[in-house]
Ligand SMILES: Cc1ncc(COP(=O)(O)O)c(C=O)c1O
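Quick setup: one chain, the form predicted on its own, written in structure tokens, and binding and motion questions come after.
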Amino acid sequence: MRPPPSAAAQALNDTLARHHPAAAACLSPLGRSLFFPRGIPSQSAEARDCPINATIGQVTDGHGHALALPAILSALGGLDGDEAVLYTAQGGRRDLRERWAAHIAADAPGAPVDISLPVVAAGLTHGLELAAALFAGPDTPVLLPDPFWGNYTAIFERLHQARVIPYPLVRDARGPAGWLDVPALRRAIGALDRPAILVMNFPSNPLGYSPTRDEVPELVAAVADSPQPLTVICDDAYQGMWWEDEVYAHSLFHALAGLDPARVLAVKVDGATKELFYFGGRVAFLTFGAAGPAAQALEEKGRAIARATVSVVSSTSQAVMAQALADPTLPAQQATVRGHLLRRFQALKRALADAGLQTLPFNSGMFAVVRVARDPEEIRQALLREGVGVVALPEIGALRLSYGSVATEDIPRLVQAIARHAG
């Protein structure tokens, strides 16, 4: 049995109850207990400008600068040694968090909604774990799009004993508005009998599907009509990878964050891994769709669980990110890489059509799912012997292809190899 929240934690809970009732109702027992303590990090931050600072346990020259080893400095290139070697603030560098908040606001299809200051996480998985710690407790219903990324089960079910409830993401045949199975989602939401979590992952892993502009209003309405308080976690790992004109080329976070705070809390998990193609950097962000005191309370709880899990995220990676986001040519650089992915997507669409292979709908991201008549694992093993790697999804009788890691000129050969074994 978890003890009742401390006075400091309860003050945050009371703030959420007044200013964002859905967030208050959805907090897990752990989430209700969280607050950022006035421990060493907090006291060290207050002493940051003191000429004599005997607070934090790191080695400096005695005047606030790093005593970095030459072997480390020589590997940092043009990065500032102090920024890359010394600890950063709990929750992440302030300038990086502000730049990422501006990055999120720039994606809004209309006027930006109110959001918290993003909390820096150690990669997308850690960002999802922070959200799960705050809102997923024993038997909390977690609605997951089916098929879904396998790590969701580990995060929500195994770590936090939540109850995973899959809902079909797409229909067997295209409907009047598109492929998205919004009626199935509406039924899953309507059956809830307690505060719950809904995970939305667009573009999808493994499907590579994003809603179209015509599908979005119905999707948002289904969430808005939830009979129970709902935390909607937008896993936006693949944001920006939209390949067809009809795709809604924005995060759903913006529309969801504008819903009734008595009913819905929108949470955004995104980061540098795929948006900036910085896979080894492990820098992600946790952002809440809330304003004023509620945003501040949620941010504090987010920083508290981040401190308890990784303390602070790599200073070196954050320094790289801050420098990259300040580069005015960054959007053009991103567009160049996305151009490579678009050409691979188009080549894969053509090759799959020419081979007559059946796929689930895909229009974005970097994945495609191919239906096969034989055991997917047997096919995967046969392809391995031919020097071709794919992922088997036996639970849906399919193979997942990641064209993000395949050269455009190799895509026809990839598809031909699958076609030889798929029947």
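Owing to the predicted nature of the structure, the values given are computational and were not obtained by experimental measurement. The numbering used is simple: start at 1 and walk along the sequence shown.
Although it is not shown, the form predicted in complex with the named molecule is what the next lines describe.
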Partner-facing stretch of 255 to 263, 92 to 100, 329 to 337, 125 to 133, counted where any non-hydrogen atom is within 4.5 angstroms of the named molecule in the predicted complex: 125 to 133
One residue of T88, T273, Q323, T153 in contact with the named molecule, assessed in the predicted complex (non-hydrogen atom, 4.5 angstroms): T273
Interface residue in the predicted complex among Y167, W149, W179, Y248, criterion: non-hydrogen atom within 4.5 angstroms of the named molecule: W149
Any non-hydrogen atom of Q239 within 4.5 angstroms of the named molecule in the predicted complex: no
Non-hydrogen atom contact N201 with the named molecule in the predicted complex at 4.5 angstroms: yes
Any non-hydrogen atom of R282 within 4.5 angstroms of the named molecule in the predicted complex: yes
Contact label in the predicted complex: N205 to the named molecule, heavy atom within 4.5 Å: yes
H126 and P41, C-alpha gap in the predicted complex relative to this structure (3 Å or more): closer
Cα-Cα shift for R99 and I40, closer or farther in the predicted complex, minimum 3 Å: farther
